[in-house]
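Only one chain is shown below, in structure tokens, and it's the form predicted on its own.
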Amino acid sequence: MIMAMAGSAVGLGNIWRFPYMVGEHGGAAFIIIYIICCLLVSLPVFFAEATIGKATRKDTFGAMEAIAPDGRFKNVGYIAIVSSFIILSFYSVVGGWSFDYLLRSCAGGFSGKSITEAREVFAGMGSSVLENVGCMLVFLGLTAGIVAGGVEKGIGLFSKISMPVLLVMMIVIASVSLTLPGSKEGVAYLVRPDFSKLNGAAIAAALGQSFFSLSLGVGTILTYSSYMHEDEGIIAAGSWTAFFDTCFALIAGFAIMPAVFAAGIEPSAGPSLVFETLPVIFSRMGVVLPVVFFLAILIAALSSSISLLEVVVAWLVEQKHTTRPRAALLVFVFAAVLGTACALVPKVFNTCDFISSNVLMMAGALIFSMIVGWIMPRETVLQHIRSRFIYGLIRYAAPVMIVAIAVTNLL
């Protein structure tokens, strides 16, 4: 399950979101704060969520019933299921973009284009109903197909194959990017911290990014932990997951930022950085590199969407007693409806993103931490995490930081 958890964490959050967040918040200083947030807040929340899953051996909803048979936490299970569903729906739109750009790259669609022309391609894709919705449905269908294959033969097999392949791809892209004229400025941007650019918003963004990247607060870690073998430790699983996740994020940074600086583009270009500028930069180095880049993005997107879909499927299988293939198909249909709305109406997309990232994920993480820190028997928790220091972080530090950052984000 460690590889599956790592697959859940390594996704678009690393390759798409992390580089532009670094660009928007000052480079190396943001990376340092991000790592601190991972160690002091996000990892303890990971351990808390994993403890619930491994201790109860149930899906998110069933775990809440096991902890409080009187139904006190019944709605917590629903929050996690709804969060995963909403994120899966708008996330599939971005996954569809990666599939669309992979096809374009295979056809040499960015060769000879300028940055302005690439932006027009992105805008045109967004305005094309057939293209935008069609690619989203293909991506969502791939996700549902893998989850329908089961935990071991579907999710586990995909993770075991995709993670090494993705790592090799990103290292190749970073190696090429670092050879570009002017790339040294991008490297300096990533390794020389300028703390004068840090503010409360940057710190909140760093913690939010670590939550998003590690898939916290939405039940994915809880669900995967319920499948763990007895001899698999939660501390080892969380530490390796965070290690892989951070390594992929840093490799993505060194793959993208040197190329951005070499092309003379502002690093604070925002969410469109990957889709509006990098295709042109990489296409100048041949036909193969853009294909490798967008194939890597597609694999990363699938690894995270699989874990989101699994949360809802596990609930349907365990609580509604349906078959896994039928559950995957059912979630596909409903996610396709909301995903279509996200693809066609930017306001719906932005609303789903804001609610899930700033409200639902934070609420889920806070509740999971409070349950482990204050509701579950201390002996049970320590039996799984075996560290009083980490228990203290879960009990005291994590809830305070989550509330502080949530308030900052909302304000």
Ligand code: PFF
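Remember, predicted model here, so these are calculated numbers, not experimental data. Residue numbers here begin at 1 and follow the sequence given.
What follows is about the form predicted together with ligand PFF, which we do not show.
- Residues 91, 215 and 218 are all found to lie within 4.5 Å of ligand PFF in the model of the complex, as judged by heavy atom distances.
- Ligand PFF in the model of the complex is approached by residue 12, whose closest heavy atom lies within 4.5 angstroms of it.
- When contacts are judged by a 4.5 Å heavy atom cut-off, residue 259 does not count as touching ligand PFF in the model of the complex.
- Using a 4.5 Å cutoff between non-hydrogen atoms, residue 361 counts as a contact of ligand PFF in the model of the complex.
- Contact annotation for residue 274: none of its heavy atoms lies within 4.5 Å of ligand PFF in the model of the complex.
- This chain is displayed alone, yet in the model of the complex one of 308, 331, 206, 136 has a heavy atom within 4.5 Å of ligand PFF; that residue is 308.
- Contact annotation: of the candidates 143, 304, 241, 225, the single residue with a non-hydrogen atom within 4.5 angstroms of ligand PFF in the model of the complex is 304.
- Only one segment in the set 109-117, 172-180, 206-214, 314-322 has any non-hydrogen atom within 4.5 angstroms of ligand PFF in the model of the complex, and it is 206-214.
- Along 32-60, no residue reaches a heavy atom to within 4.5 Å of ligand PFF in the model of the complex.
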